[in-house]
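The form predicted alone is given below as one chain in structure tokens.
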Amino acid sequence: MYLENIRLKNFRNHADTSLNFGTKANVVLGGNGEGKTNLLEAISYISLTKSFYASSDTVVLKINEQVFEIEANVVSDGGMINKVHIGYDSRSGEKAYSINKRRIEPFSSIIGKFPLVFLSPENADITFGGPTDRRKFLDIVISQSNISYFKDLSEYRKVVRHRNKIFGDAKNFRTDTSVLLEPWNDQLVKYGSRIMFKRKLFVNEFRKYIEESYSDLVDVKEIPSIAYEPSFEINDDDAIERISEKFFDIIKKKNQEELKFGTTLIGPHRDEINLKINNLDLRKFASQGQHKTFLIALKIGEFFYLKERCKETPVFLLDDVFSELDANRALHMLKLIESLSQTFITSTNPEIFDVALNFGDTNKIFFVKSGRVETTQN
């Protein structure tokens, strides 16, 4: 798929911005805080119904305004034009999403329809950070390719919150939790087992995508690997029913410990994803360059995985990533990603693009200043 055009009204820095895009590389240049990343955020609304940065819709609303709108034409791989409209009114707190004037509900039904891959310096936490960052990566990829996973994940998070409230109340008011916990234990196991099963399958499938994309990025012989490490032991051949049995057993064993700490200690919210190069832990032994290469390989692997599973070519968003790379690595990465799909690239430095890209109808360049966008630099 590709975005033919977009219009932003009262979105972040943009009072009223309309742009027509190239089908390949779209480079957005400007200083920090001028509104470059806002364009990528708007695209994330089209694909995910929300911003990948902001915690709420109110945050992206232009200061002193009450309503924002996003309009775009999204062209599918099959040539179908989807006229997308997203509106948010802060007075009512209501957000609406429509395609070809047909209102879409629930919002979760959009996930995976317009797949995207997003890469920014903050994504370095996937390789450098804690388990939460790696779980988030898994959840975003699997959710875009499997709507039932997204729904299970949403329900599971609600269950954990309810369970934790029961533990908190028990700790504060010395109440008996056994009767209160029973239905929530059932729900925890129901949704948690499905999530763990799907994560297990995903990691086993995704391994080849990382290996292939990593080998395209480096000349030396380095073998990347990814492994799923759930919060309790499951086997590769365990079905959901067997995972559920193990889950119930571990809940019983952890009951007193959970009461003591007042929180849910077991389940997919405690999973880890182990990343290695040449069988060595990435976080402990990899160089800065290996971290960056592994992250890019993850994202390119994500692109091909989503393209295959969603039956639609994802859009690639790169937010200020070239400042983190040396010139040779940046040039190599740009050429590789440009060949994959429509890309949107923000940067403060135009030099690498002048060398690597020919701008015209296919590749376009935009200059942003104070929320105003020009196709030629003043």
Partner chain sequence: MLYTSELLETLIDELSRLPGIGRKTAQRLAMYIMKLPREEVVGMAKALVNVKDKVKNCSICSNFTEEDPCFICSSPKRDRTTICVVEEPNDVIAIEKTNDFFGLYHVLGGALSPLDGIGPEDLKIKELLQRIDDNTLEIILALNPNVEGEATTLYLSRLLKPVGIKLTRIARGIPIGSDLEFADEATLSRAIEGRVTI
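Numbering follows the first chain given and starts at 1. A quick note: this is a predicted structure, and the numbers were derived from the prediction, not measured.
The next section is about a form of this same protein that is not shown, the form predicted together with its partner chain.
Undergrad: Among 272-280, 72-80, 145-153, 216-224, which stretch sits within 4.5 Å of its partner chain in the predicted complex, heavy atoms only?
TA: Result for this chain: 145-153.
Undergrad: Even though the partner isn't displayed, in the predicted complex is P183 close enough to its partner chain, meaning a heavy atom within 4.5 Å?
TA: Contact check for P183: yes, within 4.5 Å of its partner chain in the predicted complex.
Undergrad: Within 4.5 Å, heavy atoms only: does K101 come near its partner chain in the predicted complex?
TA: Answer no; every heavy atom of K101 is more than 4.5 Å from its partner chain in the predicted complex.
Undergrad: Give a yes or no for K292: in the predicted complex, does one of its heavy atoms lie within 4.5 Å of a heavy atom belonging to its partner chain?
TA: Because no heavy atom of K292 falls inside 4.5 Å of its partner chain in the predicted complex, the answer is no.
Undergrad: Heavy atoms within 4.5 Å of its partner chain in the predicted complex: does K158 have any?
TA: Yes.
Undergrad: In the predicted complex, does every one of H162, V179 and R194 come within 4.5 Å of its partner chain, counting any heavy atom?
TA: Verified in the predicted complex; spot residues all in contact, yes.
Undergrad: So which of T132, S120, N204, Q187 reaches within 4.5 angstroms of its partner chain in the predicted complex, heavy atom to heavy atom?
TA: Residue within 4.5 Å of the partner: Q187.
Undergrad: Only one of I234, L138, I166, V84 comes within 4.5 Å of its partner chain in the predicted complex by heavy atoms, so just point that one out.
TA: None of the other options qualify; the answer is I166.
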